[in-house]
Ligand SMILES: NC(=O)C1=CN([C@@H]2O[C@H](COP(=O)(O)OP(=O)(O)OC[C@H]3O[C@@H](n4cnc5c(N)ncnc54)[C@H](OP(=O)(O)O)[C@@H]3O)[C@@H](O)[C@H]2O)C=CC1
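Form predicted on its own, single chain, as structure tokens, below.
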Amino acid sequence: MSVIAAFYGGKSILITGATGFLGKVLMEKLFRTSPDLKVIYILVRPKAGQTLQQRVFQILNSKLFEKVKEVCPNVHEKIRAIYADLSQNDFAISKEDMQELLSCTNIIFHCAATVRFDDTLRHAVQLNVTATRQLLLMASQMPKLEAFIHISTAYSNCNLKHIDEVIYPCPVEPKKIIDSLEWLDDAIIEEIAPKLIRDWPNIYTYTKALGEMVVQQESRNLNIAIIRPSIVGATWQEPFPGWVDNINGPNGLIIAAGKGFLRALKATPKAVADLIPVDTVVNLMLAVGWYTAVHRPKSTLVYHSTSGNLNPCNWHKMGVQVLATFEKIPLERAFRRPYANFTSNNFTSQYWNAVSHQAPAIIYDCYLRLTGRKPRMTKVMNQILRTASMLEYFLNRSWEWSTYNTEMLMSELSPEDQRVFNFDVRQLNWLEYIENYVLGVKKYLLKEDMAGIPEAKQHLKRLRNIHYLFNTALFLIVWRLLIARSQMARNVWFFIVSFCYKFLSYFRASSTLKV
């Protein structure tokens, strides 16, 4: 029997960020392995005209929760949605709901965060730092609380090459930043932001580092642990392979490449693609929650959920497998809603982007106009390139993350718990995982039918031909200009023509002699 699954039985669990990718998989695993848990509190804000109950119904009605409904038919009764806004004081939670949370909560999983790389400093600090501080204050008033699990990121200290499972100090105290944002106006904040983040690549990683410092400083006597996942990808095994529901990070690039829009990325082929399946992260989270509550470590332990140090896969190998999968299961022609959700960034146009991607996009838009359809390729391509630009920092670097605490925890688990809550990434077969990943993007994210594969292959072939045709024409134009302006270019051209002529003459002479 699983000790960890039994531990969560009868527990009242608070999850922030439960409507996000990681939060949904966490809830699914909890209900599937511990169906006798008491309640899961989720902090939710009404969205797009939906009530809290409608949002919960939408989550439970997805394919992700199909197995849960078999083992826990009354799952909807065990989710308690509470109105909350993490950008407000006390999260704008009502007095009645706050009293229930304070008096009943046993475990907290703090997953909520803004993951936008180009977010404003004010908003990112509010959600990733101030909200964490506020939640810790609430936790200190919970008499039944057994563990507080904070989800950070492995890239919170990406300004370092080697990263240990420790909390690193930031140059400026989080409290000073929080206090200063209360009276500085937005223009000044945006002006000083680059000086504050220093050698961090973006606002997200910087504010997550600040959030870790807040956890360390405001922990009081709480049992706290920090988990740092790297790039969270589709499910590996549970509840089924390949499930994904957002276009963050590599997902958007997979879509763009699969539809033939993205032909190249500026990346270091041998750099490690530190992808980690979401179900692996969730299994580690639940194991850490149990260990922190039961063993009560004397200090805040940090756990790295990464793959590069134990089972590395570089970007070249991953790209080859993605492209190989596209040959079998290409994405369909139809434009889908996810394209509208690409975030923007302070993007510096580069020559190769304009030449290799944007110009063919303009040509394709002309084709769409001629066929009576709405042109949209240029807009889509600009969004894709902005996303690629934001990821460029991570596509060209490798990091070394120590995993002593993670491996220690693995050794503490029983054989049954190692099976049920498997977070050993060494068992991951990358070729199989990437194929399931691409298939999952097609089935669960884009909701495309496998019957559309022949048409998708034709669409991919057309886009490829446009790309090749444009590059060929561009090469000929550039070469013609060089010949007109450079004597050296003319000499090279005459040499090539002369060589080809002599080769053909020799080939013809040889053929005549043989006859």
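Numbers for residues come from their place in the sequence shown, where the first is 1. Please read these numbers as outputs of a predicted model, since none were measured by experiment.
Keep in mind the form predicted in complex with this ligand is missing from the figure; the text below concerns it.
- With the site C-alphas superposed, this ligand from its pose in the model of the complex keeps every atom more than 2.4 Å from the backbone and C-beta atoms of the shown form; the site is open.
- Using a 4.5 angstroms limit between non-hydrogen atoms, Leu86 touches this ligand in the model of the complex.
- Under a 4.5 angstroms non-hydrogen atom cutoff, this ligand in the model of the complex has Asn246 among its neighbouring residues.
- Interface residue remark: Lys29 is not counted as part of the site for this ligand in the model of the complex, having no heavy atom within 4.5 Å.
- Contact annotation: Lys69 falls outside 4.5 Å of this ligand in the model of the complex, judged by heavy atom distances.
- Contact annotation for the candidate site: Gly17, Gly20 and Arg45 all lie close to this ligand in the model of the complex (heavy atom within 4.5 Å).
- When you look in the model of the complex, the only residue of Leu286, Val441, Leu210, Ala113 with a non-hydrogen atom within 4.5 Å of this ligand is Ala113.
- With the partner removed from view, the residue among Ser152, Thr406, Ser307, Thr280 that has a non-hydrogen atom within 4.5 Å of this ligand in the model of the complex turns out to be Ser152.
- This chain is displayed without this ligand, yet in the model of the complex the stretch 224-232 from 365-373, 421-429, 188-196, 224-232 comes within 4.5 Å of it by heavy atoms.
- The single residue of 53-75 lying near this ligand in the model of the complex is Arg55, the criterion being any heavy atom within 4.5 Å.
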